[in-house]
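We begin with a single chain expressed as structure tokens, specifically the form predicted alone.
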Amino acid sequence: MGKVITVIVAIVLIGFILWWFFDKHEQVEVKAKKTGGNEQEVKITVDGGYSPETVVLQKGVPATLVFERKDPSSCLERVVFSDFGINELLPQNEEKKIKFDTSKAGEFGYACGMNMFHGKVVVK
């Protein structure tokens, strides 16, 4: 009986791991807010991932992404935008502002320093 329970628990754990890392979770898009002077800004909370995971920016309007890392793990202490050559340290419990180039439309992914957590910026 003990072996059956162990196999069932192992199957459930494998299913959870597959769902956590490979399933496309529901993503909520958040549009950046306009600030004074024809600029846009969006705040991204870093706590066990990125919230919101997807942000939408208006093409051609200067943008700032404001990251606030609450998570103490070293995995999330950096954010990497490989398409733009950005690799920034995110100090814990502080806001880090990153200017983002909105001259080209498209979808641009970003990730933590270990490439385990991902987010997306959509410029349209």
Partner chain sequence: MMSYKKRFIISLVLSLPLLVDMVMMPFGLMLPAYNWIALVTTTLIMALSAYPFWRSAWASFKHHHANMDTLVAIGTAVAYFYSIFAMFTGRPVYFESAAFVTVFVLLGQVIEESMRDNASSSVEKLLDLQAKDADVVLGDKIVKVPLAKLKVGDLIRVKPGQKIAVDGVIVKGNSSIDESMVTGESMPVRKEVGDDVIGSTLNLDGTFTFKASKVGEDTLLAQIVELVKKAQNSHAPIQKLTDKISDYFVPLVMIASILTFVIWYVCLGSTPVQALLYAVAVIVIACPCALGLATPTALMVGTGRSARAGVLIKNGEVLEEVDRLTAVVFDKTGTITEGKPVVTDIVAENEKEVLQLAASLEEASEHPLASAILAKAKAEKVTLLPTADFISYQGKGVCANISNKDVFVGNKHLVKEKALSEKLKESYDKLQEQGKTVVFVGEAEQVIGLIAIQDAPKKTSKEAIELLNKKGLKTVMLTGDAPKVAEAIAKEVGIKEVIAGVLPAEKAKYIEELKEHETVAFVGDGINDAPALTTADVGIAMGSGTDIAIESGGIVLMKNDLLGVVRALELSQKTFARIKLNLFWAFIYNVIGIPIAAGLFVGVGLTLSPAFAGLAMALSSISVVLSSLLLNRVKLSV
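Numbering follows the first chain given and starts at 1. Whichever C-alpha set is largest while still superposing within 1.5 Å between the two forms counts as the rigid core. Computed from a predicted structure; not experimentally measured.
What comes next is about the form predicted together with its partner chain, which does not appear here.
- In summary, among the residues Lys34, Lys99, Lys59, Lys70, the only one with a non-hydrogen atom within 4.5 Å of its partner chain in the predicted complex is Lys70.
- Among residues of the shown chain, Ser51 is one whose heavy atoms approach its partner chain to within 4.5 Å in the predicted complex.
- Using a 4.5 angstroms limit between non-hydrogen atoms, Ile14 touches its partner chain in the predicted complex.
- In the predicted complex, none of the heavy atoms of Asn38 sits within 4.5 Å of a heavy atom of its partner chain.
- Not displayed here, its partner chain is kept clear of Glu94 by more than 4.5 Å at the level of heavy atoms in the predicted complex.
- After superposing the rigid core, the Cα of Leu18 is displaced by 2 Å or more between this form and the one not shown.
- In the core-superposed comparison between this form and the one not shown, the C-alpha atom of Met116 has shifted by less than 2 angstroms.
- In a rigid-core overlay of the protein, Ala105 has its C-alpha displaced by under 2 Å between this form and the one not shown.
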